[in-house]
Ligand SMILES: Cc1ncc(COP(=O)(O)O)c(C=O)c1O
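Below you'll find only one chain, the form predicted alone, shown as structure tokens.
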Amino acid sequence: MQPSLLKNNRREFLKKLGLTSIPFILPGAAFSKTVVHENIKSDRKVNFEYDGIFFSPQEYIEKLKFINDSNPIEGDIYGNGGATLALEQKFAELTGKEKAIYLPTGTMANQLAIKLLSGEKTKVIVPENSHIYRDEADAAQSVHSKRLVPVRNNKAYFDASDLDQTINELSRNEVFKSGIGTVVVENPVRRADGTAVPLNTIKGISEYCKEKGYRMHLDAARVHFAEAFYGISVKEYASHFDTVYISLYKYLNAAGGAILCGDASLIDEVTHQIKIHGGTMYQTWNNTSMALHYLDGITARFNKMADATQVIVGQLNALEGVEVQSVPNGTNIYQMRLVSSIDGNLLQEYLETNHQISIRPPNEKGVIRLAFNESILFQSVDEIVKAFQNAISA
């Protein structure tokens, strides 16, 4: 199943056409104009390896210089003022929350959110495949005295019924009930190839949590992909949660950093928590100015990226020996399967050497993971598809 594109009528008919018909209905010429905003080396390189543009140190410095030359970067002191304050204010507006704050990592943003939301209650319900449960080194237990309880349903995401079943089972099997403080949703889901949680599912979980008195946190590290591929605004997603975390380096191309948004009373507590956990930084403008630059106009760029993705995928599927598919409710992550006569490693080398296109090597099953991002706008659709065609022929 391919992602539904619901943003407007143009994207609605893209969805109805289906990918196999796109090459004949919408030729690449419709997307032939290359989008180049700045004149540095990386602005021609198409990167299918990551969610954002990958800068070398030299390119990062050049990009900061371009930003500063266009509009002088204002510094901050311990996160106060300058580009950091401007970014926080923009994210508060973007998510519809009262306030936002910069943190050095997404792990710290997630952990402090669930700690403060939960208060004295010790249990936090999380998706079994979530970053909080799988990738944050048991920080909730070892640092914040919170116990993570996973929803185990063998699906990409859970719904209100799965949540209720988990909580009821927990209640039946525990003698000493310390209380559930927070329920976490991740959207899109990294460990499920960028699966987006349907809005109706989120609404159902939100209604359930409000009825039970549970707080809610959204790990929205890559939420702009869900916005672009499903036409649901970041503000709409965020409105169903008490706190929202968004990454600054996944696709906003900063060297690091995260933003946490929520009620002013909670966000005001985060400053002290950052300090006592060693996260206070003297200056953060080198990250926040980059993220601020790429946040400007992101919805329009990502909409164009999502449309171009559908055309590229459709035309790649028209090539002999190639199959490119997404997961159900997918966003920007696709799986490319090649017939046995095509060497995926040689394909990777050819694209990199001859066309400034980088892809990952095949996995043990011979599948190549393609992460679509705004770098696909740095070359035309015709150029990208022709590059794959040349590589396969070679």
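This one's a predicted model, so the numbers in the text were calculated from it and none came from an experiment. Counting begins at 1, following the sequence as shown.
Keep in mind that the form predicted in complex with this ligand is not shown, yet the notes after this line are about it.
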Counting only non-hydrogen atoms, which stretch in 130-138, 200-208, 170-178, 316-324 is within 4.5 Å of this ligand in the model of the complex? 130-138
Looking at R301, K146, K250, H277, which has any heavy atom no more than 4.5 Å from this ligand in the model of the complex? K250
Could you spot which one of A83, A221, I114, M305 gets a heavy atom to within 4.5 Å of this ligand in the model of the complex? A221
Taking heavy atoms only, is T107 within 4.5 angstroms of this ligand in the model of the complex? yes
Just checking whether K99 would be counted as a contact of this ligand in the model of the complex - the rule being heavy atoms within 4.5 angstroms. no
Is there a heavy atom of Y245 no more than 4.5 Å from a heavy atom of this ligand in the model of the complex? yes
Is K90 near this ligand? Define near as a heavy atom within 4.5 Å, in the model of the complex. no
